[in-house]
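What follows is one chain in structure tokens, specifically the form predicted alone.
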């Protein structure tokens, strides 16, 4: 494939980019760590330092388009060197414009303050018993059957129940939500370019969460929803209930998605990297190292998006107000300028591994990252405890070295649609 034909592929809709986004990013690198796309009026940032620079600069870059993406044209004509007021005036035009992931400035700071006080180490520690017991139950059933489909049979129910238990979602509603999310369109769908992110599941759950929060305000308990219902902002004011509904639904939906994808992506490496499975069985302290390297190589989010609010720069490149940028997390995490010549290879105990940006960087760093790590660590330990060998089905996915997988058709998410395992007790 020539550079010219490659450049004409559309990052947002091309199925070949979906299957191998890393090949796409590698082909784009010769054009520089920040380059103008030909298919859309936006910049692609593939350099590690440049991505970090943008993520850590919310003063100059708005997150309003992080779900709508840079493929969504601005619904206004930028005027002047600072368009912050224009961006806010058009917030209602953006999908997810009422969710914390798209907030800017003081609004974002206030809402994030609530999240930071909920996903604490002590709360995750208290949830460990539920994680371990439920993971053990799911794995035990899979082993008894000789195998499983990991993504839908194990990962999704597991992480759904864990985050539901943390929040305090009633048991009778958990499966209903799981089914609604599963039936919906993936975030950033390449199959529906006119409406790539469907919010119907969020709206469906919102009605339930409104009721939960009203109840907790009247009769608070010890769960996260109770804490959310009673916490003030840093300045002492109380959040509006609709704000809390949006935050709670986002934590529920986003929290399960990231963790489920991480489990599926991790298992591919555990099985197919020679000797790795036995290493992890022999020394469980290596599991955190495994997860960080998988997050670097195969993070659950390929990219996020920003809008330049003011005339600014990325590196020494001028960026006018109104410019949209794709912050390619997956490209940055394989940037050889940061990770060396073996940037595309799996390397356990890679130096500086925790500097990867799979969970973002700066004020919008994923608040659920500690939960994702804890969930996946707990269930991997159960897989190792209850099996003597884990294999990926050659019948379903091909032999090692020639595997074939189906990925969720998303330009945001990097996750398997399914992963069939064979398990030896």
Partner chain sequence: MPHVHVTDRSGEESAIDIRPGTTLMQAITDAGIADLLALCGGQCSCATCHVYIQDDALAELSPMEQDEDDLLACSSYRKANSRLACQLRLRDDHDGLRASIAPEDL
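Computed from a predicted structure; not experimentally measured. Numbering follows the first chain given and starts at 1.
Only in words, not in the display: the form predicted in complex with its partner chain, which the text now covers.
With the partner omitted here, the stretch from 120-128, 77-85, 316-324, 262-270 that lies within 4.5 Å of its partner chain by heavy atoms in the predicted complex is 120-128. The partner is absent here; in the predicted complex, the one residue of 238, 140, 176, 354 having a heavy atom within 4.5 Å of its partner chain is 354. Put simply, of 36, 393, 365, 39 only one has a heavy atom within 4.5 Å of its partner chain in the predicted complex, and it is 365. Put simply, residue 217 is far from its partner chain in the predicted complex: not one heavy atom of it is within 4.5 Å.
Interface membership of residue 32, defined by any non-hydrogen atom within 4.5 Å of its partner chain in the predicted complex, is ruled out. Heavy atoms of residue 277 never reach within 4.5 Å of its partner chain in the predicted complex, leaving it off the interface. In the predicted complex, its partner chain stays beyond 4.5 Å of every heavy atom belonging to residue 231. Taking its partner chain as positioned in the predicted complex, none of the residues of 61-88 brings a heavy atom within 4.5 Å of it.
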